[in-house]
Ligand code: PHE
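One chain is shown next in structure tokens, namely the form predicted alone.
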């Protein structure tokens, strides 16, 4: 078996896992759904879902990864040899490749808008035309493809450098930088006239909005934000040393992911309301509304508006990269360990596969917009396939495997480090109950609901 690298410290583990979790969804989706589903009341439900449901699933992947120190396929084949569980390993190798293909399109957009910000395109005289830039750019051919190439190339470069010199080094630098940048944007956003309405949108509790849909949205945001069910947490955990506290690392990952999402809310929504614009979700918020706001800020000084826009889109680019490297690493680790391919060739191979599919996803906004798969563009089909089916199925099977297939003593050994961590030993019955019963039932309901929807 190939000699494997390991993360050097708990801080490195948490930064890498938090990097996988923190992404574009934290910046544009979380602020919108908080206000839509009850403000502070929704945040409370979101926190509970993260620690009671999503964290047990994260720990399930961590147990498998750290137990075997192998890639997703090798891990399942080792723990359940000669069974069909190996297909779960393959599923969680294919899913990240599909996700990365369309995620890289959005990552390319973030790079393009960083370039626009640097070239001072968000000026007051352009304010009325800024919102139309996104539609024109995304539907074109060569610009988005060039940016897709740059984004995937940066991802591949980090992965090619290895676990310690690539993933760990990038994560230990990028995650603290991300938090500093998002705090800086939030502080500035809160100083804008009229920003108080945005704060009220986020924190005013409205318990009348805590419907069944609100609980489902909270769980969904927590679940997908932590990148569960696609093997990224498993593969990162396979680089964790045996003396590391998995519960502490998992809880730290969930905490930093939630904290970043909340900070992003205070960075985005006060500015949106200060500009007198109704909040929207999706690419429209990041690539249309906010550039318009940055352009309007120019009336108070082009330097300030340019600096804020550059910082904001740099933040988005780094957040996108921190997630994309975890997705690429899943496939690279499989090729290196199962097929004996060098890391360089494995990285190039995954890059090529992802790039080809990414081209189709990018062109689905332009020349291939009329090509439909089950009524969806290629981009939307890949998104729905992974978000509504593959990720949920993967998480469900991971929780079932750890809760029902693995020996309970082995699970206890991983979570308590052979009984050496006293606190983990005390809470083990609760954690194991959540993994074995609560998580599978909850995810099963969501999965079936998705199929019937």
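Positions refer to the first chain, counted from 1. Computed from a predicted model, the values in this text were never measured in an experiment. Basically, rigid core = biggest C-alpha set you can superpose within 1.5 Å across the two forms.
What comes next is about the form predicted in complex with phenylalanine (PHE), which is not displayed.
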{"property": "Option touching phenylalanine (PHE), based on a heavy atom within 4.5 Å in the predicted bound form, out of 99, 182, 350, 218", "result": "99"}
{"property": "Heavy atom within 4.5 Å of phenylalanine (PHE) in the predicted bound form - the one residue of 377, 195, 225, 174 that qualifies", "result": "225"}
{"property": "Non-hydrogen atom contact residue 249 with phenylalanine (PHE) in the predicted bound form at 4.5 angstroms", "result": "no"}
{"property": "Partner proximity in the predicted bound form: residue 24 to phenylalanine (PHE), non-hydrogen atom cutoff 4.5 Å", "result": "yes"}
{"property": "Residue 315 within 4.5 Å of phenylalanine (PHE) in the predicted bound form, heavy atoms", "result": "no"}
{"property": "Phenylalanine (PHE) contact in the predicted bound form: residue 323, any heavy atom under 4.5 Å", "result": "yes"}
{"property": "Triplet 232, 327 and 391 all within 4.5 Å of phenylalanine (PHE) in the predicted bound form via a heavy atom", "result": "yes"}
{"property": "Candidate stretches 422 to 430, 400 to 408, 66 to 74, 25 to 33, one within 4.5 Å of phenylalanine (PHE) in the predicted bound form by heavy atom", "result": "25 to 33"}
{"property": "Core-aligned CA displacement of residue 394 at least 2 Å between the shown form and the other one", "result": "no"}
{"property": "C-alpha of residue 31 moved at least 2 Å between the shown form and the other one on rigid core", "result": "yes"}
